[in-house]
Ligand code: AHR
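Before any questions on how it binds or moves, here is one chain, the form predicted alone, in structure tokens.
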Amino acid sequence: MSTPTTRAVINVDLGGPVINRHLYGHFAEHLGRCIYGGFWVGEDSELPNVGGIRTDVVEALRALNIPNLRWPGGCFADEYHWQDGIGPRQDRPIMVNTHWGNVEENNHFGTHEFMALCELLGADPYVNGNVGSGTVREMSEWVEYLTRDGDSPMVRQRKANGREKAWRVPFWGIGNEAWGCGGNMRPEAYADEARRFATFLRDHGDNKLYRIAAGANDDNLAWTEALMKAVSCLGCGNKPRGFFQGISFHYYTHDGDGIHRSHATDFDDTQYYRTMIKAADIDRVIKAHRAVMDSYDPAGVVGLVCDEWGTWWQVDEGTNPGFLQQQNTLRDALVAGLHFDIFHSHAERLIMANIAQTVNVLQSMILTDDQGGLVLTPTYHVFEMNKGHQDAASLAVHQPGGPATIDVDGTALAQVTASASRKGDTVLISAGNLSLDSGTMIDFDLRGGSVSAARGRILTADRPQAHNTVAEPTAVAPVELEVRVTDGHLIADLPPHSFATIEVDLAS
């Protein structure tokens, strides 16, 4: 029996919207072992570190070209008071992390440590301010402390704490999940708060703020509309007022039973396919938010930000339920690849996305232990394989007649999803085969340019439950994929449950 073929056409000379590198952003919250035991081990640790920041974690993330890092939350952001996390560490007050495990937080990792981490990573800082339990003055002074040069009370305080020159901090979140842990507000009430806070978040010197208003959970369009009404008017064609430049939403993937209810590694075929249906539905959600934003802002001035996304399963057995530490399988990697294909298709409006979270929490890049063990998850490898899409021009991928589909409880799931981009004379194509039992031969017809060389990589395993551990760190890792080049066609075999990238050199 012959292997079915998936055909697609890519016009490499017809570049679309640029895929913002910030779609590959990350998220680090004071939650479980993400900060303490993940990024931060302290200067006295026997593990290699730079100023208390774990060296091997930084090196692994630098290989992803990590563009930005969101901090300190999440729900933690709206109970965090930044002044508690500056100055000599031994003098910093202890607080209780009521959201995540009800554990004591010693504030040893604060503003200066976070900025040092961003500098080591080469990433733009995305600071999420406290609206829920904080004040306008508190957040305004944080901006001044971080980004102002010259002389002022906050500048003098920063210098006294060892930092002479201001930092560049472009991204600022105006609270988090204001519909829930960030204050249980109504959309209209939060929209007024967002305008008020944003008014006092000043641009200091050359540091221009990109202010991000906290928006919807999934497809709650009331939040997007209330925030757009706060800066514009329906159908008036006016340029939105510049209170905030972006609106966020959050979207978590599960297998249909809700977050944190199903097992991360022990799942059946039905649960796998339902997970893929939920992951694919983010396309509908983004389209819905875009439609509302287009009505108030047809020129696309205000950006859409998905600053929390990823899978959410039961915690690892024996760990603190409030720490949200879960294993990461090939299934999670395929969710990530599917999300990026969808993100790329919305590059015109979607300007940032942040996976939750970077280390040891939810759909993480890296798992660590206190003995020096470090595991790169299958999701990490998708980010690494896809990094060439950052700041590249998107290319449409046309499957003539539409993609082959898999019926999942009456909903059609595309078997093969793909996206492509071009930067200079290099084209990068990503493709995922979501079928559990059917392989396919892919045939990409590249038009508008001449192929001089092509290289492929593939990420798969014998089953979607496969995952990496300290004992087996490469159970799921990319290997070379054979790509055949014939008259401008790229041909390769995609086995079931696999993700692949093909890098193409075009003749000049």
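Keep in mind it's a predicted model, so treat the numbers as computed, not measured. Start at 1 with the first residue shown and count on from there.
Beyond the structure shown, there is the form predicted together with the named molecule, which is absent from this document and is the topic of what follows.
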{"item": "Blocked or open, judged by overlaying the named molecule from its pose in the predicted complex and testing 2.4 Å from backbone or C-beta atoms", "value": "open"}
{"item": "Any non-hydrogen atom of Phe27 within 4.5 angstroms of the named molecule in the predicted complex", "value": "yes"}
{"item": "4.5 Å heavy atom contact, Leu31 and the named molecule in the predicted complex", "value": "yes"}
{"item": "Non-hydrogen atom contact Tyr272 with the named molecule in the predicted complex at 4.5 angstroms", "value": "no"}
{"item": "In the predicted complex, Thr417 touching the named molecule (heavy atom, 4.5 Å)", "value": "no"}
{"item": "Partner-facing stretch of 423 to 431, 372 to 380, 87 to 95, 68 to 76, counted where any non-hydrogen atom is within 4.5 angstroms of the named molecule in the predicted complex", "value": "68 to 76"}
{"item": "The single option of Tyr296, Phe171, Trp100, Phe243 touching the named molecule in the predicted complex, heavy atom within 4.5 Å", "value": "Trp100"}
{"item": "Heavy atom within 4.5 Å of the named molecule in the predicted complex - residue from Asn176, Thr111, Asn328, Thr358", "value": "Asn176"}
